[in-house]
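A single chain, nothing else alongside it, follows as C-alpha cells in the form predicted alone.
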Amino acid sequence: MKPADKKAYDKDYAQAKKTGKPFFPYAIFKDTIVAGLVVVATIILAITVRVEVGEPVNPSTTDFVPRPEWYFYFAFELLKIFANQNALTPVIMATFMVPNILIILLVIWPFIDRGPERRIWKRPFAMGMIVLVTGFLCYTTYLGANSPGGVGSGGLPLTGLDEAGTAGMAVYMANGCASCHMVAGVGAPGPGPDLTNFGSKGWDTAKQVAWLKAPNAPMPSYASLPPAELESLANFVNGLGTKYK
C-alpha cells in the first residue's frame, strides 16, 4: 500500500471509529432483519410458485433433452459451446477449465486488489470484473435453461437431399444416431466415428444393412427396424459425403 493511501485510510478509519456505531447490537440487528426477510420470502415463494410437474418419463424417446439442476445450467450451456470439436474438449472446458479459472480468480482476487478503499464507485476494475463474471454466469444459465430441442433437432445441414435422402435422414435422427455420431458438424463427437464422408467408403446397400443389423459393440443393433426404414437408413449413410454433403 502506498504511504499516501495508508495515511488516507487511517484517517477515514479513525473518523469512522469515532462517529460510527458498534457492531453489537446495530449490525447484528440489521443482519437479523435481512435474514428474517429472506426466510419469509423463501416461504412465500415455496407456497405460491409451485414446481412444475412435467409429462411422465418415456424411456423410448430419442429427442428428450436432459437438464441438470438450475445451478448447473451454465455448465450445461458450456458443454454445447465447446461441442463438435472432439470427445474430450467439451468435458474438459465446461467441467474443469472454465469453472476452476473462475474459482481461482475468486480466491486470488483479495491478494491482487489490496487497496483499502471499500466504496464501490472507487473500485471500478473490481466492480467491472464482478459485473462481467456475474453477467457471464447469468447469461449462460439463461441459455442453458432455454436450450432448444435435442441434438440435431433441426435436421442435418446437408445439400443434395432428395426424397429418399430426406426419409433416410428422418430415420437417422429418429433413432438417436446423432447421439453417437457427427455429420456435417451436428451430433456427438463420439463414441462413434464422424460419418460426414462415410459414403466415400463405397459400401453398397446390402453391406450397410448387414452392418446395421449386426454391428460391433458398443453400437446397438438396428435389426428391429422395419426393412423399408433399414434400407432407407443404409442408403442415407452410404450417400454421406457423396450425394449428401
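Since the structure is predicted, the reported quantities are computational estimates derived from the model, not experimental observations. Residue positions are given as counts along the sequence shown, with the first one as 1.
In what follows, reference is made to the form predicted together with a small molecule, a form of this protein that is not presented.
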| Quick one: does Cys180 come within 4.5 Å of the small molecule in the predicted complex, counting heavy atoms only? | yes
| Any non-hydrogen atom of Gly185 within 4.5 angstroms of the small molecule in the predicted complex | no
| Any non-hydrogen atom of Asn216 within 4.5 angstroms of the small molecule in the predicted complex | yes
| message | Is it the case that Gln208, even though its partner is missing from this view, gets within 4.5 Å of the small molecule in the predicted complex, heavy atoms only? | response | yes
| query | in the predicted complex, which of the stretches 115-123, 170-178, 157-165, 95-103 has residues with heavy atoms within 4.5 Å of the small molecule? | reply | 170-178
